[in-house]
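Here you get one chain, nothing else, as structure tokens; it is the form predicted on its own.
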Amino acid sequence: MSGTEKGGQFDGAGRIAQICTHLGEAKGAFSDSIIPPLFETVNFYFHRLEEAVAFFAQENKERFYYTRMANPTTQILEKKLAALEKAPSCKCFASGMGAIGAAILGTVKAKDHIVAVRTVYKNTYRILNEITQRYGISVTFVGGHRVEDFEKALRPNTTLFFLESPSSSRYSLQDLAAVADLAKSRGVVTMIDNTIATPYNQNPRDFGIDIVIHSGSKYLNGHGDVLLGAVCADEEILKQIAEREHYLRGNILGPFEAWLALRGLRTFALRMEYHNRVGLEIAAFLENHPKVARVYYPMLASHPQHALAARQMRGAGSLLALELKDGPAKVNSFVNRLRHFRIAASWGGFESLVWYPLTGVHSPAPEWLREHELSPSQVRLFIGLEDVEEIKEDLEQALNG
């Protein structure tokens, strides 16, 4: 066992990098291999029948039995992600949406009520607005900029607050500590999608949030080649989610995907340091450009919630949104003129991407746009790992074209 595994806690600037590179890897246990092997197997056999009986009597919980329930490769990833989010436990799922759906449906029951921020990722919104109705669960959507939004929406049967901070449109934030305090005073569970911030930039459990969710396909993996979701929480909460929504429904992460995710996670700290620096540099560059009306990036002083971002975040990565001064008519030419940006919806990998958030939305009403914090002239950018000066040149020629 390496020295990083003995204490279980990591302090100082190297904590995140140390977790990503060493935690849970049992160095020396696999013929002195630096990289733990891939356990691409379905079954793990018992030597004697008594072992099987003891396992099902839960006398040996650490033993592996069937990959749908647990696998050594996936377990290493889960240990790392739990430590990164300062949580006792983590379960990985087949995708970010798999994790979100499992966490929501595994936490609430029929006739419960959820309060959720309106600006969540559009497919999370669909789960909250459509799937929950099948189970007799009601949902109230709120702006979430003030803790009073949650307080006013509370009902006697409210059991869950669902947050996404920063959110997926203009990177609005919720005051995590204030919302968590309100929830605890009313016996409500708090859940947050922390994908955009990542544990590098924000640890919601430090502010009292109960459950932290990730789409690990984004920054955590960083290579754009793995679908992965994760839920981090206390063991009792996670056990409730896992028993019904994880291995019973087969909503699991395969060992090969876990192995790929571990490969990506080893450079997570280095990548996020770069994304934070370059994201702020590009946001400032665009904010001062004559063709740009507005830039949405929490670490800019112009962001309406910058003071809150400074309190609860350490950085904001390299995902940002801008509004063009020439309005919607300029969107097509700007997007199509970009040379280094590929047009794609997901983000968090190594290459720069551009997306128009209203793609597929037909004739949205002004009220709908206001509620979801969107604008017809708004474009989303993800800044990858390319040379920052080339990115600036590309943006310059596309804006002036």
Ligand SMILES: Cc1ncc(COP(=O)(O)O)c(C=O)c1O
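None of these values were measured; they are calculated from a predicted model. Sequential numbering from 1, following the sequence displayed.
Keep in mind the form predicted together with the ligand is missing from the figure; the text below concerns it.
- In the predicted complex, S215 approaches the ligand with a heavy atom inside 4.5 Å.
- Although the partner is absent here, L227 lies within 4.5 Å of the ligand in the predicted complex, judged by heavy atoms.
- Under a 4.5 angstroms non-hydrogen atom cutoff, the ligand in the predicted complex has G96 among its neighbouring residues.
- Within this chain, A321 is remote from the site of the ligand in the predicted complex, having no heavy atom within 4.5 Å.
- When you look in the predicted complex, the only residue of A116, L220, I100, C232 with a non-hydrogen atom within 4.5 Å of the ligand is I100.
- Of the candidates L265, I282, I196, A183, I196 is the one whose heavy atoms come within 4.5 Å of the ligand in the predicted complex; the others do not.
- Note that among 142-150, 160-168, 74-82, 292-300, the stretch whose heavy atoms approach the ligand to within 4.5 Å in the predicted complex is 160-168.
- Looking at 336-369, the one residue that comes within 4.5 Å of the ligand in the predicted complex, counting any heavy atom, is W347.
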